[in-house]
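As structure tokens, one chain now follows by itself in the form predicted alone.
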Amino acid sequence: MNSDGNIGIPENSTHMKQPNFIIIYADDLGFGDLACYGASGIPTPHLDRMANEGLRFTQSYATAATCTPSRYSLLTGAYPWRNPKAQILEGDAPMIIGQEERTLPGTLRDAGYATAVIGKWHIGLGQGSIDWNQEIRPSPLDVGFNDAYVMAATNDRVPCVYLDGCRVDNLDPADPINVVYGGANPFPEVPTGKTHPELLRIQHSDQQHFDTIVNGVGRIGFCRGGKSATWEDETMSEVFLNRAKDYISEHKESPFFLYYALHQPHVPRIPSPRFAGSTNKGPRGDVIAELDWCVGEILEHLKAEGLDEDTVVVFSSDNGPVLDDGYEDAASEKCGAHLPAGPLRGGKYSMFDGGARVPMIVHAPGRVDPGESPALFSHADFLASFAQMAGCKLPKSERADSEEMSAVLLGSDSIGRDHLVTEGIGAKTVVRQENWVYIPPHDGPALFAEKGIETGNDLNPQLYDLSADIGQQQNLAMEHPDKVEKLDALLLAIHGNDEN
């Protein structure tokens, strides 16, 4: 805060050099999972310090309540429902970002930045059937990144390997990888969770996570080969962390953008021995503690390299939380009084605010004064905002749905957007304007029973005033038909823009 009590930019910030950018993106972390957002069950000292030294946002939204759509928007600035392919992808799905599509890394690369993605990808690879034993194109290198070290999809999907650039890392040509999704197991010699449950160290809790067993865990999809390239779940966090630290050191002399995409606390939740049993919340709590440590390591590394005052670090999450997401890991039983979504209703997959409203912290010593921001912000806005901060002004026609919100990220604007759109699973869209949230009528079950999460589906319109009802308990649609009509028209108009 400034001396007058308002959020503002330090006086000398506009004279500073072109900043580095790091986005640290958690996977399935909820609005209520961090101590700095009111949680008490899981220690997160590094993120708490980041929030204490930076700007903590209370109304930041991913564009979707699921991972692939929200990550697509983060990198393109476009709402995911504009791309019919932007839905949860299989591990062998083709790339969904067009090679001619403007992206955040591509824009910064054109502005003189080195760009890298390290961690989870899950936005597709290749153009069709992938040969994992050859160069895979398109890859992240074809949509704006100079460097990439990623997992292809998620840690619960095959193939369980890292990609270095556009090739599987450490692959033995004599042991080629084969991957198949759907149908019966085409590799009967390879055990699955369905046929060999005695080989599992974590039992599945749904009808997806019982295909090929890798490291004692049933995954989604069938795979054989690639033994030398197969990751170890327990070391994944340090593999990505060390890559990220090395990248920072190697590029400290010139501006860089690093998209550091964490895999925690996505299932399967397998912490390193350092963090196993470190909380009383089971593996989910342990991997959140591990995630917190990774963030602290990045912040300390920036300071050690003399880059902390030259780097804008953003921490956030791709969507809201889920406890049971396919494995029996006692997340629900050990959650206790801890509320992963905090005061919000719903969670991952949901149209309610718990699905897409997520924690977000901006840390930039000397550029951003510490404080709390209530500004309304969409993760689609990183494209236009970082471009502005890098000195690259984009014409409005090239921003997709991204709004220029650099003043919000730097703390001088505490209002932010007038409105934004989010979506639940299946691209079912919701619009928020100021403090009002409108959920149009959507068919489907009210409860995602397998996950224990309310979907938001209702054949009647829903209207909530978040200023008085952050938990979305009181549907005011009947009392405010004029507001329903206005917001419905706004949402239709935004969708209509996609057809122009």
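Start at 1 with the first residue shown and count on from there. As the structure is a computational prediction, the values presented were derived from the model and not from experiment.
One more form of this protein should be noted, the form predicted in complex with a small molecule, which is absent from this view; the next part is about it.
Proximity of residue 318 to the small molecule in the predicted bound form: non-hydrogen atoms within 4.5 Å are present.
Within this chain, residue 267 lines the site of the small molecule in the predicted bound form, having a heavy atom no more than 4.5 Å away.
Within 4.5 Å of some heavy atom of the small molecule in the predicted bound form lies at least one heavy atom of residue 27. Shown alone here, residue 88 lies within 4.5 Å of the small molecule in the predicted bound form, counting heavy atoms only. In summary, the region of this chain contacting the small molecule in the predicted bound form, judged by heavy atoms within 4.5 Å and restricted to 119-127, 372-380, 171-179, 228-236, corresponds to 119-127.
The contact residue chosen from 145, 256, 260, 349 relative to the small molecule in the predicted bound form is 349, the criterion being a non-hydrogen atom within 4.5 angstroms. Only one of the listed residues (281, 251, 102, 157) places a non-hydrogen atom within 4.5 angstroms of the small molecule in the predicted bound form, and that residue is 157.
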